[in-house]
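Take a look at the structure tokens below, where one protein chain is shown in two forms, each on its own, as structure 1 and structure 2.
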Structure 1
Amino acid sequence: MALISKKELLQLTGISYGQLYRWKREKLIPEEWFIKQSAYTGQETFFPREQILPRIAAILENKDKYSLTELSRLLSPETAPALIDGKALSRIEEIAPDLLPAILYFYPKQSYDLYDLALFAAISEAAERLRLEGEQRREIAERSISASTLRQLDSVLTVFAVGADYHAVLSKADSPLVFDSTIHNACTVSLSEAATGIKMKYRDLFPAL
């Protein structure tokens, strides 16, 4: 890993010690990037060259446009809370693309967490397994979202048909639902399994998950 010394960094970028330490306090520069090593002059601090230079450039360019907290969220997923925004949702293959507009409409949020992703993936899976089409798919997305008030990863999504209508239930994983004999098409998807799958698969893309 190519390193650049603190002194050289300040010289190259023209920033001051005050700015460097202020940005470190504001989490714009991760603490892990401050690498202490013994040099002939004593203990010196170095930074990963490939990462620190673009970061300083980005901060300098945007510091007048955004507040420091906004900047911290924008600049690096690893220092921001573990959330991904609406646009990044389309990169999750488990979430059916045709359901995305409905999801974003019925559940608009600035950023979604792992529970949300697991829920959307579960909805997509259930819709797929039950071979739902068009309007039914959007309807079940809306209903499933409206049922998710507990927000516990340790739950399952059950989609079932009453006559021609499809409905959704979110229940605890350890309490299986038993339907009456008139209910036929029922499909249960585990949210925790979906969550684990997403976390593993997208670990590189969304390290904050």
Structure 2
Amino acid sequence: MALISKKELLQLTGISYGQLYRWKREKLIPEEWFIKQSAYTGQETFFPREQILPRIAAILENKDKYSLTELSRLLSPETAPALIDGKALSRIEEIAPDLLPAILYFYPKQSYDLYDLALFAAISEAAERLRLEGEQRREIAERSISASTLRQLDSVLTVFAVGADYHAVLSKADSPLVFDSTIHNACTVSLSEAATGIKMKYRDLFPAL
């Protein structure tokens, strides 16, 4: 799990120390993301990079659109809206259109929940970031879906290469994976943040929110 220091986080996002800790108190940022580690300057605070950066971007983009209560609910991975009809998947731009037929083939259902949507979006993002093409994209969709047994939104999808083959692992966000030197092109995508983006962008699909 790649970490980012508090100092670098504040510099990259332009937010203040006060904002960061106010959002923590308001439960917009999970307390468990504040990771204390020893450094040469003493004890410093770090954050899971793949989760904190999109979370802060989402807060900044939506803090003037929603009340704190609404925003906290939208950002909570525990908020699980109703099932979505399979026909609505094509509306979700975060799910790559060329991967959708493979996803529906490998995981055929009448309706899909928020975890499913987040997983499909994470697969699409990983395939894009690793620049996978053709059969490799379809294979990683199949392997990611077959690895999806946890079914928890506080999971991360890690796609990595061993030689010419790509593989997928789904693990808890707070359980970092450590690979040996033969593993290449590791790409990690947070399902929680994928779910947050989908809930905010497609609120009409989730009337309960």
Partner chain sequence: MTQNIHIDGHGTFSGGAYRSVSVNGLGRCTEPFTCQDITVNGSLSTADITAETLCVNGHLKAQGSITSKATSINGMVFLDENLRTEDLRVDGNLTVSGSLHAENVRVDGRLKCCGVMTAGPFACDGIASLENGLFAQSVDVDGVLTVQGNIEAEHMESDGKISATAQISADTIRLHGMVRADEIVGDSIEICYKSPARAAASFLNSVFGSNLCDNTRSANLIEATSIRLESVCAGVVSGEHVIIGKNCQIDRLDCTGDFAIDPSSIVRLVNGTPYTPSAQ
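Here the rigid core means the biggest group of C-alpha atoms that line up within 1.5 Å when the two forms are laid on top of each other. For numbering, take structure 1's sequence and count from 1. Note that this is a predicted model, so its numbers are computed, not measured.
Visitor: Which of these two chains, shown alone, is the form predicted on its own?
Guide: Structure 2, which is the form predicted on its own, differs in this respect from structure 1.
Visitor: So that I can tell if residue 10 moves, could you say whether its C-alpha shifts by at least 2 Å between the two structures after the core superposition?
Guide: True for residue 10: a C-alpha shift of 2 Å or more.
Visitor: Using the core for the fit, does the CA position of residue 188 change by 2 Å or more between the two structures?
Guide: Residue 188: C-alpha displaced by less than 2 Å between the two structures.
Visitor: Please determine whether the C-alpha atom of residue 198 is displaced by 2 Å or more between the two structures following superposition on the rigid core.
Guide: Residue 198 C-alpha, core-superposed: shift of less than 2 Å.
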